[in-house]
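Okay, here we've got a single chain as structure tokens, the form predicted alone, with questions on binding and movement later.
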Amino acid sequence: MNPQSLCSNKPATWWRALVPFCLLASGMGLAPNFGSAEETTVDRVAIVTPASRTNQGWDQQGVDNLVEVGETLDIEVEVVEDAGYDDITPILNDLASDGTDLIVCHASGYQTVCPEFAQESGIPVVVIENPGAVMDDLIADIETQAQEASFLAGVVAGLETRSGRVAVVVSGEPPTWNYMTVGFAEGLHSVNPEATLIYQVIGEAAYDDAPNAKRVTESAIAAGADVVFGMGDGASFGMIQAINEHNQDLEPEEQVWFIDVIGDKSGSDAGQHLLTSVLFDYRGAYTELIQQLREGSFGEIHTMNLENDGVRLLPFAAFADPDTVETVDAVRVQIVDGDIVVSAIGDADGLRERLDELFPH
């Protein structure tokens, strides 16, 4: 028996049992070879989401995309939803006990617990917006820096607004929302620098707070916003309710339009007033990460952008001006070619400084 093969590419439960043997093998000059070129078997992948997989946003998009990749690659996918934002270590331990080969920690709120778990257990994980945690063979990172697609959404808002007032309503200020807010603001400014940008935060980590999302959106509409760019997960439905109630019995030219994020809500109550959405597509990222784990090159940063179609705009509503669609197509080419560079600002202080520069009070 080859001690190197016995001590490599084993799940955490094997590793703990074999520590004494592997240490002895190391002393004999037979150190474990974790960088083996042999392909690693990936049969079971899990995803942990903080909220429901049916919320038509962050959680559902991540789950649906991974399930689709699992079906394509013939891999079993286990979904753990509604995990919240408290310590999910017990969930991670259960997944490890079940023989999971890879865990996708689908929330920026899991940036600390998942890397710590990976280092303690030896189970590879995927984190969100935490490039500093990347570690060879153990931790990979997905950067959902959708500022490029959000720039396009800002262009849409700047060309489609009739009042000259546009609102951004967010359910918190995590890096993902901050990147997108800055990108949106820069796109808006590029085509309509005289516009007024209304920036409203529902609360701290108010991702599923639909009632307060409705209240905050109503205040933005009362301030004259006729286009609302909403980032909220479950809270988005509060924004949609506010817009739908406002638009009742109004002529189209008086109605408020909604720009959504991450998922496709065109089949929901938002449909009739949904201008477009900044759509996230994780299929390319998941496929690449699983392949890297198999090949022994796992532990890199995967950035979703316009060029690889990881982020893009949902097809426009029928009421959008054809000239707007044509302009957005041209701007997209400029961004992909590098002629337009969109700021990547993930921290809340930097976000507010940039908004003040673009749209001073």
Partner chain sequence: MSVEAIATALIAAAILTSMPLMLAAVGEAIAERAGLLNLGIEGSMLCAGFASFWLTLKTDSVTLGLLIGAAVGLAIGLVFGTLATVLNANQVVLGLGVTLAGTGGTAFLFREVYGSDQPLLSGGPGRPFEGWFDWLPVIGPAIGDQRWFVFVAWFMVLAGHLFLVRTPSGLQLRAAGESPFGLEAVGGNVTMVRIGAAAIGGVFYGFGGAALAVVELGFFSPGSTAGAGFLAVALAMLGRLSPLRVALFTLAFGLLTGLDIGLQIAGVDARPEFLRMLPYAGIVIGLVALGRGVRMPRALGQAYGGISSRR
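In this text the structure is predicted, and so the values were computed from the model without any measurement. Residue numbers count along the first chain shown, from 1.
This next part talks about the form predicted together with the partner chain, which is not shown.
- Only one listed stretch (324-332, 46-54, 289-297, 303-311) carries heavy atoms within 4.5 Å of the partner chain in the model of the complex, and that stretch is 46-54.
- Shown alone here, residue 344 lies farther than 4.5 Å from the partner chain in the model of the complex, counting heavy atoms only.
- Interface membership of residue 349, defined by any non-hydrogen atom within 4.5 Å of the partner chain in the model of the complex, is confirmed.
- Heavy atoms of residue 136 never reach within 4.5 Å of the partner chain in the model of the complex, leaving it off the interface.
- Contact between residue 158 and the partner chain in the model of the complex is not found at the 4.5 Å heavy atom cutoff.
- With the partner omitted here, the residue from 119, 93, 244, 112 that has a non-hydrogen atom within 4.5 angstroms of the partner chain in the model of the complex is 244.
- Contact with the partner chain in the model of the complex, judged by any heavy atom within 4.5 Å, is made by just one of 183, 263, 238, 124: 238.
- Along 189-206, a non-hydrogen atom within 4.5 Å of the partner chain in the model of the complex is carried by 198, 199, 200, 201, 202, 203, 204, in order along the sequence.
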